[in-house]
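First, one chain by itself: the form predicted alone, in structure tokens.
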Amino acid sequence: MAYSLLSRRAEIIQGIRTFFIKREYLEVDTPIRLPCLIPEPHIEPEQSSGWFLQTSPEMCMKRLLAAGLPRIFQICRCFRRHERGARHLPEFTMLEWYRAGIDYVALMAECAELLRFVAAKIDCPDRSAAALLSKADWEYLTVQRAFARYAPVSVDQALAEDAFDEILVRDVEPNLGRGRPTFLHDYPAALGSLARLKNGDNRVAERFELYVNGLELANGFSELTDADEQRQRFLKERAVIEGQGRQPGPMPDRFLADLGELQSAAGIALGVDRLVMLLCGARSIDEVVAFTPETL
């Protein structure tokens, strides 16, 4: 990796920290090796001597939020098996932040403020990407409308055929964030395992993803704070994992116990490597990290 890209990467991370510190967020540091994880059928964790390397710092950060910390952020390493490609690494850098007392609408606005701040602060090679992030009129598009506009079938049909993810990636995602960033929001309730259902419409979850030039950058939602409902959702996810022929890890009971202390909140995960890719005009994630698995 060229020194110039390493330098730009460092500036972007410093810009992220500056944004949150100015807004009175506390930077936290949580363990990356854990005895149990949130059960997620679409993610396979990396084991470490009987425990697991984190796929996200979400669980520990929400426990801190439940303990009374109102605004927290973290930039950390995460690990997911069998994720390798031009936009994926099995070990990658994640930014996550959580804030008490807000919902996903306010979180989308804060996410836009963060990326406008970083784009303005950093002198990166791809000024067109920075200009895109600096736009005032970001697009807000529901999943239902996105499927009606770009997909060959409706959301309901895609779910019934167990083809939602395939159609989203193939037909919908490449069209998102073109000309301006796009918040794809209001996911089907079945696809918001940790998200609160929308008030007045329990068919959808208060979840969103951010896309720029067809690249997914972030995933966030209003937090589900009902521990009993969350446990039932976890049981369903564990059954799916077992159906895949995998053994789910232990139930995260301490997380569920603390979740009951959490009031309204929202949280988001943003891929730092992908943000660097975008702002530096890189075609592959390999260009913006110091080492790839193949070079170790």
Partner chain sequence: MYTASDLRKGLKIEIDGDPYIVTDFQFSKPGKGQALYRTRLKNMVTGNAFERTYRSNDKFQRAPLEERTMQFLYSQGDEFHFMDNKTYEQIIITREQLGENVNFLIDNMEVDVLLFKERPIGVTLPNFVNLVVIKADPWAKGDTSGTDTKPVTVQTGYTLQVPPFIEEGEKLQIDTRTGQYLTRVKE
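Positions refer to the first chain, counted from 1. Please read these numbers as outputs of a predicted model, since none were measured by experiment.
Not on display, but discussed next: the form predicted together with its partner chain.
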### Query
Does L95 reach its partner chain in the predicted bound form, with heavy atoms at most 4.5 Å apart?
no
### Task
Consider G85 of the chain shown here, and say whether it contacts its partner chain in the predicted bound form, taking contact as heavy atoms within 4.5 Å.
yes
### Query
Any of the heavy atoms of Q144 lying within 4.5 Å of its partner chain in the predicted bound form?
no
### Task
Classify A163 as contacting or not contacting its partner chain in the predicted bound form by the rule of any non-hydrogen atom within 4.5 angstroms, answering yes or no.
yes
### Message
Can you confirm whether E40, I43 and E209, the three residues that make up this candidate site, all sit within 4.5 Å of its partner chain in the predicted bound form, judged by heavy atoms?
### Response
yes
### Stretch in contact in the predicted bound form with its partner chain, which is absent here, among 148-156, 122-130, 105-113, 212-220 (heavy atoms within 4.5 Å)
212-220
## Note on the structure
Of R203, R77, R178, R170, the only residue with a heavy atom within 4.5 Å of its partner chain in the predicted bound form is R170
